[in-house]
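One protein chain, two forms: both are listed below as C-alpha cells, the first as structure 1 and the second as structure 2.
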Structure 1
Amino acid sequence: MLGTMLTQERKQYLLQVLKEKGKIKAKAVAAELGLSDDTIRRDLRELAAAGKLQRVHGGALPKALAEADLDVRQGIASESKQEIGKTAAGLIEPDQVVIIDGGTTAMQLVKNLPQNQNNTIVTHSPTIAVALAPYHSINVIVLGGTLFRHSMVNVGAATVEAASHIHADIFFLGVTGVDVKAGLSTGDLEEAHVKRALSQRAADTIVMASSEKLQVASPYVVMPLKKASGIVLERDTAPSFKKLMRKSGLDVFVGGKTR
C-alpha cells in the first residue's frame, strides 16, 4: 500500500510526480498516500536540501537549471538563447532608453542589435557594457556596485541608488525561473533586489526566457509575473504555455512577432 512506503520510496515517488506533472501539491499527495501533510513537507525539505527540487508555497516545483555558473549556463539552450536574443533586439526602437540585464541571453540580444541605431543602453553588467563598445551609435551607461561574479553583474545599494536616476522605455529582464504562481525568480537575493529596482525604472519589462526556465522556481522572487509587460520565448515553446502567459496579461513574442 502507498501509505506503507519507506522514506526513500516516498521521495522517489515525489520526484516521479514532479517529473510527470511539473509540480507537487503537498496536501494532494499527502491525501493520496494516506500520510500527514507534515510528513510530505519533511520529505520535500530534504529533497530541496539535496538540490532535487525547489519548495514553494503549498508544494514544490522543479529546481531551475539556470542557477548554474556563467560558464555552464553558456552551454545551456544556446541556440534558443540566440533566437530569443534576436527577437528581443527587434523590439528596440531608435532613440529609446533601454536597460539590459546581465546573463547569456542578454549577451545574445546585444549581438543582434543594429549597428547604426541610436539608443541609450543602461546595464549593471560589465560584460554587456564591454560587448557594446563597438556600437558607436549607442550611448552606454554602466551602473556601479559590487561585482557578483556568478552572473558578472553589479549588485548592492549603490546599484539600486544609481538606477533610481533612470527613466527607461524597456527593461530586458533575465531570470532563472518563470511560473504563474511562484513568479519571476532568481538564485541570489541581492541580484533579485537589483532586478526589481531596474524593472521599476522602466515603462515596460520584457522577460527573456528559454525553455529550461519555464515552470521552474529559484529561491528569490524578483516580482510577480503580472508585473511584467511581455515575455520573449523560443519558437518551439508549447502553445499551452504561450496561452498561459497571455492569460496572465503578458504580450508573448516569438520570432519577432506577438503571438
Structure 2
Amino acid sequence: MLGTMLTQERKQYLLQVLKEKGKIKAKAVAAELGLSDDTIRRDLRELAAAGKLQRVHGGALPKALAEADLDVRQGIASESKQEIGKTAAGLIEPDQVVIIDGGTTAMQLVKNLPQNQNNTIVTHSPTIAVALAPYHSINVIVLGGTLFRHSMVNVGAATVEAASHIHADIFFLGVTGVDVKAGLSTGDLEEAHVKRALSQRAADTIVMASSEKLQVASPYVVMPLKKASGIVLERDTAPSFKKLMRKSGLDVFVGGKTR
C-alpha cells in the first residue's frame, strides 16, 4: 500500500475507506498515504463531482444517506397499484358521479382519470382532493370530518352525514382485506363506518385490491363481499381467486377487460 499508488487506485481506496469507516478525514488519509493534503483534497473534489461522495469541510461523508431518504419518503407506488388504478379509471363513463376512497391505490386511479368526461368526483380524502385539482373538467366534492392521519381521510359522524346527501353512480372502495368468509375489511373502525356509508350512497361499489390484500381479514368489517358489484384485480391474480369472486356475484375487472 505504501509503494506508490496509482491515482485511480487511490480514489478507489478512498471510497473503500468511506464505506468502511463512514467518513474520510482528508488530513489523516494524506498522512497515512504520505501525500500532501492537497492531493487528497483534489481527489475528494473529483469524487464529489462524479457523485461518489459528499464533500464536507475536513473530509467527506457518504452521499447515499440524503438520497436514500428521499426515495423512501416519496415512496413510488408499486406497479400493481398503478395497474389497478388504470383499470378502475377505465370504468368511469362521461357525466357519472363517482365516489373515490382514500389510499394509495385510489391515488393511482386519480392519476389515470379520463379527461374531459365532465365527471363529478366525491372524496373524503384531502389528499385526493388536492390531486384532483388539476383536472379542470371534473367537479370535486369534499366530504368533511375529522382527519384520520394514517389514511389521510376524513371520518366520523360529520362525514357520514355529508355522504347522506349524495347519490353516486360508482364508489371505488379501497380495503386492506378481501376474504370470502370475512368479507371486506379494514384496519380502523371509523374508517370502516365511513366506507360502509359511502357504499350505501352509490349504485355500484367497485373494490380495488392488490394481491397482498387477498384472502386477508383485517380487524373491522366494512361489509360482506356480495354487497360489492365488482372488484379490480391485478392481471396475474390466481385464476382460482377470480373464480371465487365471480361465484360471490362480483364482476371481475383486470387490465381493462371484463373476464
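What you see is a predicted model, and the numbers here were worked out from it, not measured in a lab. So that the term is clear: the rigid core is the largest set of C-alpha atoms that superpose within 1.5 Å between two forms. Residues are numbered by position in structure 1's sequence, first residue being 1.
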Choose between structure 1 and structure 2: indicate the form predicted on its own. 1
Does residue 206 shift between structures 1 and 2 by 2 angstroms or more at the C-alpha, the core having been superposed? no
State yes or no: after fitting on the rigid core, is the Cα displacement of residue 20 between structures 1 and 2 at least 2 Å? yes
After superposition on the rigid core, does the Cα atom of residue 242 shift by at least 2 Å between structures 1 and 2? no
